[in-house]
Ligand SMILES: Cc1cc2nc3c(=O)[nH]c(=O)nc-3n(C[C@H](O)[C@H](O)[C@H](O)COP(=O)(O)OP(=O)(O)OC[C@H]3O[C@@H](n4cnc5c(N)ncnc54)[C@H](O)[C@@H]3O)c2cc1C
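Next up is one chain by itself, shown in structure tokens, the form predicted alone.
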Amino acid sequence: MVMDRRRFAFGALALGVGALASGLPQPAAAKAASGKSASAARSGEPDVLVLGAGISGLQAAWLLEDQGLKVTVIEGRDRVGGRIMTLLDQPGYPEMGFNSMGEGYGRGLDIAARAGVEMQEVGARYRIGPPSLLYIGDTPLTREEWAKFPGNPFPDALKSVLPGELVPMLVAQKTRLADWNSWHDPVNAKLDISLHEFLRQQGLSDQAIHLAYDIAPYYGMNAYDVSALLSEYNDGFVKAQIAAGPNSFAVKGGNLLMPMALAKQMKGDLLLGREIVAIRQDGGRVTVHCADGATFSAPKVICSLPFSALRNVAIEPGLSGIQAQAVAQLGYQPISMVFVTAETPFWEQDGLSPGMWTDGVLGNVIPQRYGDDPQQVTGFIVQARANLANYWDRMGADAAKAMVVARIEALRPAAKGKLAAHSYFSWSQEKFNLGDFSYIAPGQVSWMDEMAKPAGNLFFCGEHTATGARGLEGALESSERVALEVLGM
């Protein structure tokens, strides 16, 4: 049986993860389980080890347990969820990772229902209030002022487009892909150029590209660093989500509640705080070595670790070819955040938008509206991406938090003495991720169909291996694929 990317493009909307699990041919599943269970029962070992308790690892474990296999999940952190990370002790339960899922997230909505968590529509909250104010240096600019600003480097026809809007707008309008699902097809290899080259072809100068992308890149470190095909693929996925419906959903009380609930549904062991340092295959078995000296063995192992972390794990025999290259080189974007609260609504006093897009060290100030009253601003996520995130990390958490408060106060005097910076979170400094989103550099799109193939009895999943969806939906797509591979289907 071969996983059809298009068939499962919207998960439960097309078939459903639950339907996928229950619909697997039972004789094949039973054969996959019974072929290993005798030896596993004698040794007390599982049929499959899953490395990583993020959403893809948890879902892969559930799919295999549903088919009768004995599964153990090993996680290096002291929590589940991977890149789902909620500050459960802060007002509005701010999200440091995954934020929300659209109506087209069939797989995501399916597992949320299975987890029994309460979902709330949050899309309308994103649209409340005026758009973020643009700051060039210390100068606040409305859209109309930006269009006339002497330092605006955009072409005349695009002068009124704000920096954060320009690149996604051009990619959406000028995409070269007739079918976004084919983005990684070899027939499109000639389109695998840098996003910088693509934007130059649309008439943007280097100065315009730097302002519109490099300061706060959606993927990568800058426009030179990311393939245009990745941006066009993401654009197609977003358009498909919009076509599915206007709503966006998040877990009431914080998205982290969802993987926590899924973890409780596991039949097998879930081992937290077990940092993986080596994976060794020998004689048809795979042994996983942990930093505390513990070892675990099984006939098959699924690795959901991001390649940024996997490259620090010894693998014997070593990976080869494109797969080895991808593990060593796949990029992961630095993102760092500070959560800030205001004791009074200073934006009402100065009459300006609470949100801020800046070209300086402050990054982007994003208002959060996750209280019982959607009109209430429960806090701000102040976000730095790529090189700015690395700069913040070098400053250290306390200095970065102090800088964020001081800089907001300098730009918004009405905020002086009213701000408190709480948690600092850096995905680059999180040792089990070492960066947030994975991204494909120019020339690397050809890796996609090779880097997730099984290496002996070692299998791979995670959003970085998905080719038909992004974000949480991509992570779940990869768990379906890897479950079918393990079952030999």
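What you are looking at is a predicted structure, and each value in this text was computed from that prediction instead of being measured. From 1 onward, residues are counted along the sequence shown.
The discussion below concerns the form predicted in complex with this ligand, not included here.
The stretch in contact with this ligand in the model of the complex, judged by heavy atoms within 4.5 Å, is 298-306, chosen from 415-423, 298-306, 224-232, 342-350. Looking at residue 48, you'd find every heavy atom of it more than 4.5 angstroms from this ligand in the model of the complex.
In the model of the complex, at least one heavy atom of residue 105 sits within 4.5 Å of this ligand. Taking the partner from elsewhere, residue 214 is found to have every heavy atom lying beyond 4.5 Å of this ligand in the model of the complex.
When contacts are judged by a 4.5 Å heavy atom cut-off, residue 313 counts as touching this ligand in the model of the complex.
For a residue to qualify, one of its non-hydrogen atoms must sit within 4.5 Å of this ligand in the model of the complex; all three of 55, 274 and 337 qualify. The listed set 83, 369, 401, 184 contains one residue whose heavy atoms approach this ligand in the model of the complex to within 4.5 Å, identified as 83. Contacts with this ligand in the model of the complex, taken as any heavy atom within 4.5 Å, map within 75-102 to 75, 76, 77, 81, 82, 83, 84, 96, 97, 98, 99, 100.
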